[in-house]
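Single chain ahead, by itself, as structure tokens, in the form predicted on its own.
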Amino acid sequence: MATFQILTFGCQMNVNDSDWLANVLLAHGHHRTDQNAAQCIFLNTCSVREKPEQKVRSTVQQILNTRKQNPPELIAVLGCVAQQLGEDFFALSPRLRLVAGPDGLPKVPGLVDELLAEPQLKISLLDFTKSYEEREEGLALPTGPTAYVNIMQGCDNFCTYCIVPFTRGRQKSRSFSAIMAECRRKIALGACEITLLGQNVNAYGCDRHAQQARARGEDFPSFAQLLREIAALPGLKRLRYTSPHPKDMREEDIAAFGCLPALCPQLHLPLQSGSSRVLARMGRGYDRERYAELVRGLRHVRSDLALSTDIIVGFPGENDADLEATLSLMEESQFLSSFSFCYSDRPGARAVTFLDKIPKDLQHARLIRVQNLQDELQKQLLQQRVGTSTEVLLETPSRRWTRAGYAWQGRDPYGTLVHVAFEQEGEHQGELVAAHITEAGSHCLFAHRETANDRNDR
């Protein structure tokens, strides 16, 4: 049996994929160890941001340089960058002998023994599947209080800046029965909060595979119906999902925030730009007013909804007025947080051909303005919560609040990290505790366990 280590780059879907891979490798009898001793090193990669292939190449080279006396027997590149560059990676080193795109990942655990037995063997798994391929379950390990469940793979949108359809393939919805079975299994293993994952979760059930399944009489609900079924599972306290696409946000999706108690009042709704002109060039399928209308509709059914978003600054042709439109929509939407970054060309995306690129120094100047505004919005929104109460799902001990002596940290229903002080040291993982917020940090809140006096003071 081999020893292994997994290095993960990118989004929560990649993290979830890596957790699955580790669990199945353990089920196959392999053992996890540190990077300096592992026989097999897996790099699970993301190609959304600028020059990710360079980061992967440099990581491989670093591994080889630091382990000259004891090189790993197998290096594998998995995920989106593997799909993007494929067998070109084999030229990096004789030790790099496996490349697998996202659709090839389910086959990886079964190939480890074969690759270790045949040192000259190289394998590439780069073909896209026509439907969502179910994965081996692996060990029934405790999940902790939070868990993630994939409900779909790929994307059909082809936004002009995005490489995802080329690296993760066309959209494929997972079967309803498989999703429900995994959710039940995660709850049985200790999860009381589940986050549903996908490149475009609210387009679940809209792809050709799902339509064909319905035609055969299979049970394939809409996204809102799926939310209702999962929210009703015994033992589930909280439900979240990420990330939806604004153009696919339906009235029933919005209404779910007002009628499903388990659905947390928190949503990551990618904006990308507040300018209708830029949104049209991005191929996003909605304009500024439609996005603002969605925000108003969401806040109508759930006034306390916490919104986060993605913003691309310096898209080709973006002018000062476009930037101001983004800043003003950020203020109007009152985002609690945002992930903002400068536009960069991604191989195969249509915007690569756009000639009116924005100079890097101007991109960065605009990014600073966006991030400064977001910092101010977050500071204000968090400060407004001081003196109020919330419910925190505790996950791990906290290192942030040493003054209290003992503290645990977790997320409240709005997705905010909260450090909760306790009078005595103890084990609190998985507890849902009422907490009284006493202080706001830059990106988190500080609280103590709520007492009767706190309630009486209000």
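From a predicted model like this one, the values you see are computed outputs, not experimental measurements. Note that residue numbering begins at 1 and tracks the sequence as displayed.
Below: the form predicted together with S-adenosyl-L-homocysteine (SAH), not depicted.
Only one segment in the set 328-336, 87-95, 368-376, 307-315 has any non-hydrogen atom within 4.5 angstroms of S-adenosyl-L-homocysteine (SAH) in the predicted complex, and it is 307-315. For the residues R346, R238, K186, K172, the 4.5 Å heavy atom test against S-adenosyl-L-homocysteine (SAH) in the predicted complex is passed only by R346. The partner is absent here, but in the predicted complex a heavy atom of C342, alone among C342, L74, I358, V295, sits within 4.5 Å of S-adenosyl-L-homocysteine (SAH). Of the heavy atoms in Y161, some are within 4.5 Å of S-adenosyl-L-homocysteine (SAH) in the predicted complex. Remark: N202 does not count among the residues lining S-adenosyl-L-homocysteine (SAH) in the predicted complex, judged by a heavy atom distance of 4.5 Å or less. Looking at R49, you'd find a heavy atom of it within 4.5 angstroms of S-adenosyl-L-homocysteine (SAH) in the predicted complex. In the predicted complex, at least one heavy atom of P270 sits within 4.5 Å of S-adenosyl-L-homocysteine (SAH). Contacts of stretch 273-301 with S-adenosyl-L-homocysteine (SAH) in the predicted complex, defined by any heavy atom lying within 4.5 Å, are made by R284 alone.
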